[in-house]
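Form predicted on its own, single chain, as structure tokens, below.
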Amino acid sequence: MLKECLENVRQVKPLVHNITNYVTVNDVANVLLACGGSPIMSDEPEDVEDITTICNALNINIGTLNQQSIEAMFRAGRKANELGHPVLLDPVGAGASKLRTDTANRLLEQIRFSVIRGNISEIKTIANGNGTTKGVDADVADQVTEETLPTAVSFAKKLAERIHVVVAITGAIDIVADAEKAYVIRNGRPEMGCITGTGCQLSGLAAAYVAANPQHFTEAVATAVTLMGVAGEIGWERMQEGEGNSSYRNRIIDAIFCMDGETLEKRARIEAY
């Protein structure tokens, strides 16, 4: 599964339209290039429908909302639905403010999404229509642990069934689920939390993977999540004395660029649950 999904991305070279936040836009673009895809960034309402038309997938990230980008999200989302393109929602900070929560809810009401990826607090907000988060980070009370894992997996599968999407909950333990099955992934490093935007990068990565693997969305997202975690591990192993989070960010992107299917499968800590 992992090797095939990775190689499909390299072969298809999917073009992904990203309406993402300006904090991480450059890193999202570089991760897409590293994995074998291509990025386009556009949030001008008069531009996005044309851009979406020439792309293979749409990645919507609500991290730095404004009225222009919100309008662009709806226009691009409707066009992607019309064309049958996969659409991913990254509800960054949903629950942290009324604008973010309301925008996420409205998007879910009006746009047909293929994948939703976020931390556990953001996904709970999506499920309940309201919630609270610690900024863009998961609330400590919500975090997925070995003890809470069965409950979290059940929650993800039920949400996936209710809103007809693949649900990806990322954190110390990652869960990727549809209505019938789930994958639990334990790759990654806690130091990845010291880099702004690893989640945003993963959303761009996942959009490319579903675009290149249209018959296997759940497996494609699980592969993208595993790839990001393995890259985080390899990047950390290659850190040198005196290097910090800026170097680590670059080493993660380098690891994605250099990844092959054999290495990914050998290092993957993924199980069907």
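Residues carry their position along the shown sequence, with the first being 1. None of these values were measured; they are calculated from a predicted model.
Below, we turn to the form predicted in complex with another copy of the chain, even though it does not appear here.
- Contact with another copy of the chain in the predicted complex holds for none of 106, 114 and 218, as no heavy atom of theirs lies within 4.5 Å.
- Picking from 178 to 186, 78 to 86, 153 to 161, 95 to 103 the stretch near another copy of the chain in the predicted complex, with a 4.5 Å limit on heavy atoms, gives 95 to 103.
- Heavy atoms of residue 233 never reach within 4.5 Å of another copy of the chain in the predicted complex, leaving it off the interface.
- Among heavy atoms of residue 196, some come within 4.5 Å of another copy of the chain in the predicted complex.
- Under a 4.5 angstroms non-hydrogen atom cutoff, another copy of the chain in the predicted complex has residue 50 among its neighbouring residues.
- Although the partner is absent from this view, residue 25 contacts another copy of the chain in the predicted complex, with a non-hydrogen atom inside 4.5 angstroms.
- Residues of 21 to 42 that come within 4.5 Å of another copy of the chain in the predicted complex, judged by any heavy atom, are 22, 23, 24, 25, 26, 27, 29, 30, 33, 34, 38, 39, 40, 41, 42 in sequence order.
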